[in-house]
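Let's start with one chain on its own, the form predicted alone, as structure tokens.
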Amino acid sequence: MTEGTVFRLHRLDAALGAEILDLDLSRPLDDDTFAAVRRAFLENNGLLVFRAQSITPEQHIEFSRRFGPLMIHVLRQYLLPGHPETLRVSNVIENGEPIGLGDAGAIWHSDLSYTPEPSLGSLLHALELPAEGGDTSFANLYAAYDALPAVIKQRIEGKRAMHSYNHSYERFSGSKWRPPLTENQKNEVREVIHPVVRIHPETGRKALFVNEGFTSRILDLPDAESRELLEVLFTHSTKACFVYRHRWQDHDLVFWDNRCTIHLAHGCPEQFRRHLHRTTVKGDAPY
């Protein structure tokens, strides 16, 4: 039990993360308990697993908003009707049409790193889980940066990189989950530039801020050198020693920090239904 709070915290045996037990998010948290949750989030490298949360979409949104304004995903067709703050991450097909983004997270990425003020964090709530598969892995980019060889740290010092939603979307465009973007959607997700290494605004720690899903190139380098260096960073950041693989339980709510982690959805066989709700908290411009 954490002093002054009404929950238990169990640190995961991994490079990041902790479980929050005996906390009911269907009821508003008092200020002291919320502050303790936020401390736990920052102290456990940006990953919390809230077990057994039978919450409504409204309660999910209300809790998420305690951390900041919520972002609206560009794929409007997959937003929860009546709750545009909620993206349906789902492989469910109704009336011949997908109701959610069924291939979300198929490449290592940080949510919405392609926006001028990327996400602080995302909160994903499990509503229906497959009988097989469906795990999600998370990588600690504090630890990945700290463990870089000195020569690589020197190469990326002060470097900036381009982030693009289309960089990964085009790989899957045309699938049943990803119809071609409209011109309005393309205008919402124009390319942005962020530092390759960012300083976390709350902890002051350095973390890598590149990801395979959305980082297309490093500026001021020849294309071949940019590709080579990004591949080094992508491969390094997802080494097993930096990764926690989450095996979902019913009604888990997982909250991760997009400023210092990346994640990957491992997928599941098509015959099994997988349905989750995600909210995404707005962050600030990386520096």
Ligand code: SIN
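So that there is no doubt, residue numbering starts at 1 and follows the sequence shown. Quantities reported herein were computed from a predicted structural model and do not represent experimental measurements.
One more form of this protein, predicted in complex with ligand SIN, exists but is not displayed; see below.
With the partner omitted here, the residue from Pro98, Pro130, Pro195, Gly105 that has a non-hydrogen atom within 4.5 angstroms of ligand SIN in the model of the complex is Gly105. Comment: ligand SIN is not present in this chain, but in the model of the complex one of Met71, Leu124, Leu120, Ala144 has a heavy atom within 4.5 Å of it, namely Leu124. Although the partner is absent from the chain shown here, Val89, Thr136 and Trp256 each have a heavy atom within 4.5 Å of ligand SIN in the model of the complex. Exactly one of the stretches 27 to 35, 256 to 264, 216 to 224, 60 to 68 approaches ligand SIN in the model of the complex with heavy atoms within 4.5 Å, and it is 256 to 264. Residues of 270 to 284 placing a heavy atom within 4.5 Å of ligand SIN in the model of the complex, in sequence order: Arg274, Arg278.
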